[in-house]
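One chain comes next, on its own, written as structure tokens: the form predicted alone.
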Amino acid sequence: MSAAPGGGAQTLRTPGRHGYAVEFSPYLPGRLACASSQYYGIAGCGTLIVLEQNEAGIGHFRSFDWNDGLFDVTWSENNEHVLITCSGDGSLQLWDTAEATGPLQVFKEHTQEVYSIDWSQTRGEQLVVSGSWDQTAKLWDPAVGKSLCTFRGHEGVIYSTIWSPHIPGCFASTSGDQTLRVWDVKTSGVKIVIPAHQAEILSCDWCKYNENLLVTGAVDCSLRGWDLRNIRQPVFELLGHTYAIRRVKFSPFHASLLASCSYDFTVRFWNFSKPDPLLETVEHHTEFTCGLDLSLHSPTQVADCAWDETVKIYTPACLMNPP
């Protein structure tokens, strides 16, 4: 793997590995993880690639192989060395970057591909949620060897499961059944069902500044904002992508700023409070752009990954002088 600066972006090549997800460490400013798969995730194995930034660019810190494609990754919120990936064989893997060995634990309960994994960010709980093509979401405590609860209700594959950063025990999910759902782990049931798009919904995220605001990204190329207090229609709609939106992330630093990546090879930055919300379009990949994250440590730093076998870290112009 080689790192090369180019076009303002630091690039790490991942030969033979197609990127599905990337996430900055919540603890170490220069560290990030990428979940990747061989053969576009259709066959072959997967690799968790842990990267480190230094003066020379992005360096390869450690990698871990799994015998099926890896589709998502989440860092532990209570141990800077630990992360969890999820894969095409229906399992979750718990890794320790301080140990150059196989997974600490493997959790295998889902019956189909696990496409989404997220570690709770609210204080006082160490819970992980996974979403699968078996139409279920599962709740895990990494210290317990089996799932704590299974959430049923979606009528299509689950593509995204994201914890609320505000409300303990609350997460959202999106699905091929065209709905956004909000769940409460205390009741193990769905709280809210929103028919958010007339298309499969591949991604969602919670606003870091408003506990009632979520955004969805769908195969219909649109992003829609939802206020949980009034779900009859979206509070905003963002148009511009030309193929399915694969991932969407709210900014940790700006209340009305978000980013999205798409199968149209682009990453777009938006300010949904403006009459002309599209701030910038970044076109530096040559394949489906699947992974996207905004740094928790730097207001200007973004990472993404794509099926073109690269991970990129960069500063888009619109974040240099944010709204």
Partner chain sequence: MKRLQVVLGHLSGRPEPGWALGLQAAPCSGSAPAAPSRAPADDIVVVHGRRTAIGKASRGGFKDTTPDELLAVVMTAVLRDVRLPPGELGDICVGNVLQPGAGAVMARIAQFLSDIPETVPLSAVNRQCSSGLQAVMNIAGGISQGSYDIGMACGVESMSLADRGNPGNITSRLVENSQARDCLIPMGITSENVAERFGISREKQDAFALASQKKAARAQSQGCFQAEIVPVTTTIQDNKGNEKSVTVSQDEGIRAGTTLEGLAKLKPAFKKDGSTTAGNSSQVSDGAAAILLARRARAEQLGLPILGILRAYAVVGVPPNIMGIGPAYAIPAALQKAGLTVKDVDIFEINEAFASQATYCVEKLGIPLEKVNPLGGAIALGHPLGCTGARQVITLLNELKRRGKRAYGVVSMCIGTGMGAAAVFEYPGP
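Positions refer to the first chain, counted from 1. The structure displayed is predicted, hence computed values, not measured ones.
If you look for the form predicted in complex with its partner chain, you will not find it shown, but the lines that follow are about it.
Contact with its partner chain in the predicted bound form, defined as a heavy atom within 4.5 Å, holds for exactly one of Tyr263, Phe64, Phe61, Phe269, namely Tyr263.
Just one of Ala172, Ala196, Val215, Leu83 comes within 4.5 Å of its partner chain in the predicted bound form, counting any heavy atom, and that one is Ala196. At least one heavy atom of Cys149 is located within 4.5 Å of its partner chain in the predicted bound form. Shown alone here, Leu139 lies farther than 4.5 Å from its partner chain in the predicted bound form, counting heavy atoms only. Although the partner is absent here, Cys207 sits far enough away that none of its heavy atoms falls within 4.5 Å of its partner chain in the predicted bound form. In the predicted bound form, its partner chain sits within 4.5 Å of a heavy atom belonging to Lys191.
Exactly one of the stretches 98-106, 84-92, 139-147, 249-257 approaches its partner chain in the predicted bound form with heavy atoms within 4.5 Å, and it is 84-92. With respect to its partner chain in the predicted bound form, the three residues Trp163, Pro316 and Leu319 uniformly fall beyond 4.5 angstroms at the level of their nearest heavy atom.
Contacts to its partner chain in the predicted bound form (heavy atom within 4.5 Å) from stretch 10-35: none.
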